[in-house]
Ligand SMILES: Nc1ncnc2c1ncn2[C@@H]1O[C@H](COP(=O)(O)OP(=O)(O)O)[C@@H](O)[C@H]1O
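Only one chain comes next, encoded as structure tokens, the form predicted alone.
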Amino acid sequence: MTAVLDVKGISKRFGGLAAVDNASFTVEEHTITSLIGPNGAGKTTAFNIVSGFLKPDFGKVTFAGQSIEHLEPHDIYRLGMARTFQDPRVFQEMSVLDNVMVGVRQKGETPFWAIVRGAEVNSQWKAARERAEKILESVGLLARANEAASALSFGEQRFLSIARALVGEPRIVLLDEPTVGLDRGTFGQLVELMKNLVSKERKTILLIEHNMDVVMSISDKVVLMMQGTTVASGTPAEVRSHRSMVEAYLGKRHVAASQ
């Protein structure tokens, strides 16, 4: 399997705190890779480094064969990497459809081209709008396309943020705690969406998730981080039985009891 993302030895310190310390992992194309670990393990900092929101003190990040650790987020986005955040970060006063259109990548144009262009549309614009509407339909929000994003529930806003990430046709999508705040119905909808993105749309997903039922049921690979570094990587079954996994989630006494 081809690694579309290769993270090697990244480190990031904030004063005396080593948030990420020589962490390494790979993400294979057309798979779901979950980055897990206890609070403070460095998962979100690693996400921020991979997506360009932070620059590593050391280490290398290669995406689709290109070194990207020195690039800005918008440059990485143009290469085909999109991400969401724990907070949906939607534009509250804009319509649901316009929120998605902001994420459209137009050749030679800024993302906001879709908003300021006005009534003078061309075939590229029409195709982009159709793509946005199709994605909104896939996340169950097409019927609310013309409503303000502020009218959506928190869970619906999370789906909107995912739709905005997908409309630019990224090769890989980074999802940061996507199940937080979802009710049982939308929870299941999100799991099916992630599965379909890989199996039908041929996307690649890198996921931060605390819900171990989700992680173990949908992941092709699981990467466990503790104290800023990666300590285990493999299939869900391999990582589930790893000593560090038991220690991270159940405590050292459970490790001793199992020996």
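Residue numbers here begin at 1 and follow the sequence given. Not measured: the values here are computed from a predicted model.
Keep in mind the form predicted together with the ligand is missing from the figure; the text below concerns it.
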Can you pick the one in 223, 41, 32, 49 that has a heavy atom within 4.5 Å of the ligand in the predicted bound form?
41
If the cut-off is 4.5 angstroms on heavy atoms, which of these, 45, 219, 230, 204, is the one near the ligand in the predicted bound form?
45
Would you please decide whether residue 237 lies within 4.5 angstroms of the ligand in the predicted bound form, comparing each non-hydrogen atom pair?
no
Taking the ligand as it sits in the predicted bound form, is residue 19 in contact with it (heavy atom to heavy atom, 4.5 Å or less)?
yes
Segment that reaches the ligand in the predicted bound form - one of 32-40, 190-198, 56-64, 210-218, heavy atoms within 4.5 Å
32-40
